[in-house]
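First come two forms of one protein chain, each written alone as structure tokens, so that there is a structure 1 and a structure 2.
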Structure 1
Amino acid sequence: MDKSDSLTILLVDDDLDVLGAIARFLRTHDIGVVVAESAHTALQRLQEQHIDAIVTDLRMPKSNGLQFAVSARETRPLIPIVFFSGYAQVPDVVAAMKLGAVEFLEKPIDPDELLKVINRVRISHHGTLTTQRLAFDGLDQGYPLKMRVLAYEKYLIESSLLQHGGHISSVLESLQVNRRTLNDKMSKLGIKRDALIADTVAGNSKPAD
């Protein structure tokens, strides 16, 4: 597998036997795996390490998979999420899909089916995952984590604005955030939609050297 296609999965499950078995299986197929046995630990892993996608149990003590996904999207709004559960009800599946779930799998997980889902994530997000990771790494590791996260958020919002031509409704859908949150983040990060679009148009209209 080409290094540029490498994928690191955050695997979240309070069942340590399941956690270990799935992690070992994925690693034998050249997929990087970071494990977490709780939502709290998973959020720490997400802040501290490079994660390209999340595979999480829906039912966990203290904070379930849906609550974890909501928190995860506050810092990684575009990250692909795969849910799995042995006790899911229809409302759970609907809620997961509203959070932008890539897939919803039933327990016990079929390892080959999970591998297929992860490979679909790799293909559908090829390039995007790499550029998001590079954006996060744009600042030297010596900079505070909070500063690097803010730089990452700014990159995601500006990229989405450019991708959708400044259309806010499309940006909201893409980033899976509400309008108030987006406005607050743009104000905090100094992002001006009209100026960003105008600068890009001006740059594209310049004759080549």
Structure 2
Amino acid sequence: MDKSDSLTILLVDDDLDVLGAIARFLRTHDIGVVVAESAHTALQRLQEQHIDAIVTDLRMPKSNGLQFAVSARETRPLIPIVFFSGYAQVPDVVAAMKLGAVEFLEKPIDPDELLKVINRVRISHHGTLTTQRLAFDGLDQGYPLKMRVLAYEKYLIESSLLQHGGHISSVLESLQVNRRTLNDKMSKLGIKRDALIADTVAGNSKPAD
């Protein structure tokens, strides 16, 4: 299946067996995979082509995963990063999560679990959402408070819409907001319900998480 909305992830691990196995698995599930066996290579790939998310081993021979993540964030400030590791210590995990990791998996990796995580990324960073996240989160300086708050509000509403499959009444209940207010906000913030729900029909529209 060729899907225009499929994700491309950057998979980083020094163990080529693991790299190959996971890459194969993900590709059979319509996820584009770019592999790299070192942090150095990974950073190159990150600059060469479009990557939607990073899945990386925490422990690698030369540069460790955290260091790599920091470098990666310099290029792509808010790219979602998923770590995995076989012998993670608590401080490592804490550091990774503080960096804003979306998930931290243990080796050996359960492919289905990884797939679930990636699908979650697919949803929360979908299309217009990604732009919004950048708007309110990445550019720490230079944007007025009001604009950033509005961008966040837009992001929250779009997320809720996606999570409820475009079902407005559910969103109203979830966000506990007046129906008229929500409509006005969506109009003002340029949120198109139709566009959002059309986006998700191809993949999983329900994050059963």
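Between two forms, the rigid core is defined as the largest C-alpha subset superposing within 1.5 Å. This structure is a prediction, so every number in the text was calculated from the model and none was measured. Reference numbering: structure 1, starting with residue 1.
- In this pair, structure 1 matches the form predicted alone, whereas the other structure does not.
- Comparing the forms between structure 1 and structure 2 on their rigid core, the Cα displacement of Gly32 stays under 2 Å.
- The shift recorded for the CA atom of Leu156 between structure 1 and structure 2 is 17.6 Å, with superposition on the rigid core.
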